[in-house]
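Quick heads-up: it's one chain on its own, the form predicted on its own, in structure tokens.
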Amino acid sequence: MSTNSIDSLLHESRRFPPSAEFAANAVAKPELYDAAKADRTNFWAEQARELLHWHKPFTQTLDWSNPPFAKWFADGELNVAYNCLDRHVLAGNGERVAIHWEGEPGDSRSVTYAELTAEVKRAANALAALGIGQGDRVAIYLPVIPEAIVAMLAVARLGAVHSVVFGGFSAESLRSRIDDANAKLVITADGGWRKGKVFPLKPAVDAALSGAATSVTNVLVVKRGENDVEWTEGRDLWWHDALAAADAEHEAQGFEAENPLYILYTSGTTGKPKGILHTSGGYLAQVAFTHKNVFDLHPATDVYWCTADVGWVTGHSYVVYGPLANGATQVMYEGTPDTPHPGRWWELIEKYKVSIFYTAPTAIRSFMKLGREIPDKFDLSSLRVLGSVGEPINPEAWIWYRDAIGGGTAPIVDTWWQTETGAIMISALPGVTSLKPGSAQTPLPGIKIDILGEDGTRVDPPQGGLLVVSEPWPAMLRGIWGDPERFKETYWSRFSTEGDYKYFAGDGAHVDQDGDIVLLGRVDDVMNVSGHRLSTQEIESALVSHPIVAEAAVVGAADETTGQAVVAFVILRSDQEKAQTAEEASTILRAHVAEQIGAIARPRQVFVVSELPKTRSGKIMRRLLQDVAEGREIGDTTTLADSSVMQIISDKLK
């Protein structure tokens, strides 16, 4: 990206310092930066001791003797679920509400810390009765219901490893994740509510487990949708029956800090999803620290709401582990923001007096389109901190969010992080930082970020470059499940040298004249659609798997609402060219991708073309297709084997 286009992103020059009152009462203080700068590893040790309960205290903070494989607090022992539950009850906060849950049809329930602890204890006993113990993998495929949190914490309580799969993914995507993790158990639901109707989940599990033998021995089914389900005797069990039969008491055992906590699959440029592995102690310490300081959390008085699905990392870190480790009260909502009416989110903020709200720029831009008159109908005066996650937020959306939702006063924390980083890495601290629209701004205390050129040298403002993390951090991924070589190659090969390991995030960034970091999005073949990372190769593989397709190329095209949208260019097999109109082929293939990967990957457009632009070595020039998809003048075509191809494609699409 040229510096000219960077400047055009930053047309908003106003700065928003914290008010004196906010700064005086803020959780985060400027001294955090000083402490982290003075001794980074000791800073994280202090956070881990202060924020967590250790069954066995650690004596070693960081073991970086075998980079890029880090160990944090390795000789310490803790129980993640105990940290999120029991200790709050023992401290006298059992009656505090942990979750205000709202179903899409309007049913609701509030669950206290004492009630949540009791349910997780029963669930842990139920899972243990099914043979689940330390190190076993459990796949979770659920809607946004309290049972999703209960299931995750019950798995964690046993020292087992959960692999949560987003409920919008297809049976095929679910199967690949179950197989890769070698999961013993699947926890799912009959269905969940979305856009006014029940979408079934159990049939996808049945399809994923049909055919060739799998590692799965049991399926636990939560009754939510009241829809009919097929039943496999001996394998399938109702969740409520299993919990009713389980003992009510369960003592949480301490596990090593490096005990695996979860695997979460994310798109990779090679097509096959990567199982990102996170462990327990370092991860929990950093999500607790960031949740408390970035959102200025006062647990006794705040009501917090992160709108993410638990199937994504934001749901793991900032719906489950961060808020519950900090004893927060939070809102969970099952459905979509426009069901049953476009003001549903604002209605819930008014109902529960939400004070901290964390969502994605995609959602903010879609609300902007609908206009201020919708949020203006609701009392949003309880809001005092707003957050943004998933992709860079443009200054216009930032200002609208602050004015229309935050009453013109609420600070906005624009957070950058990834599935791989586990926790927020770059963000303003609301009581400390003078806020700048469109900029994630500054690495958090204890995080070392650099912006490098292609040659690995640091770039000076205002040049753009590639974002790297230069020092290990507590919540960092510990590997790709079952594939240590891919872990090293994917994240550590670009800029690392012997004795100097740098994590390459795959994102472009630039440092502005104030020294603030502005994120520029992905630089590889991974798209960011509504904050969800999708691999171009994975979608191309799905397209080519259809019998009418000979070849396919996919690009991410700028989209006003979702940030990026999937646009596909396909060549039909010769025997299909006359059998299908372009419109028919597009309809078939859009549905096919949704079935293979999930609705989130459904292309916005599928263009049928006779050729694709390729270099002499056969590489598809996707940037030229992106020019077409975004309606730009086509860039340099001199490296193409046949430069007339782009003209033909362009003329056809016009």
Ligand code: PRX
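Quick caveat, the model's predicted, so the values are computed rather than measured. We number the residues from 1 along the sequence you see.
What follows is about the form predicted in complex with the named molecule, which we do not show.
Residues within 4.5 angstroms of the named molecule in the predicted bound form, judged by any non-hydrogen atom, belong to 525-533 and to none of the other stretches in 554-562, 525-533, 221-229, 291-299.
Note on the partner interface in the predicted bound form: the residue among Gly159, Pro146, Gly390, Gly311 having a heavy atom within 4.5 angstroms of the named molecule is Gly390. The partner is absent here, but in the predicted bound form a heavy atom of Gln418, alone among Thr307, Gln418, Ser496, Ser173, sits within 4.5 Å of the named molecule. In the predicted bound form, at least one heavy atom of Leu519 sits within 4.5 Å of a heavy atom of the named molecule. When contacts are judged by a 4.5 Å heavy atom cut-off, Asp507 counts as touching the named molecule in the predicted bound form.
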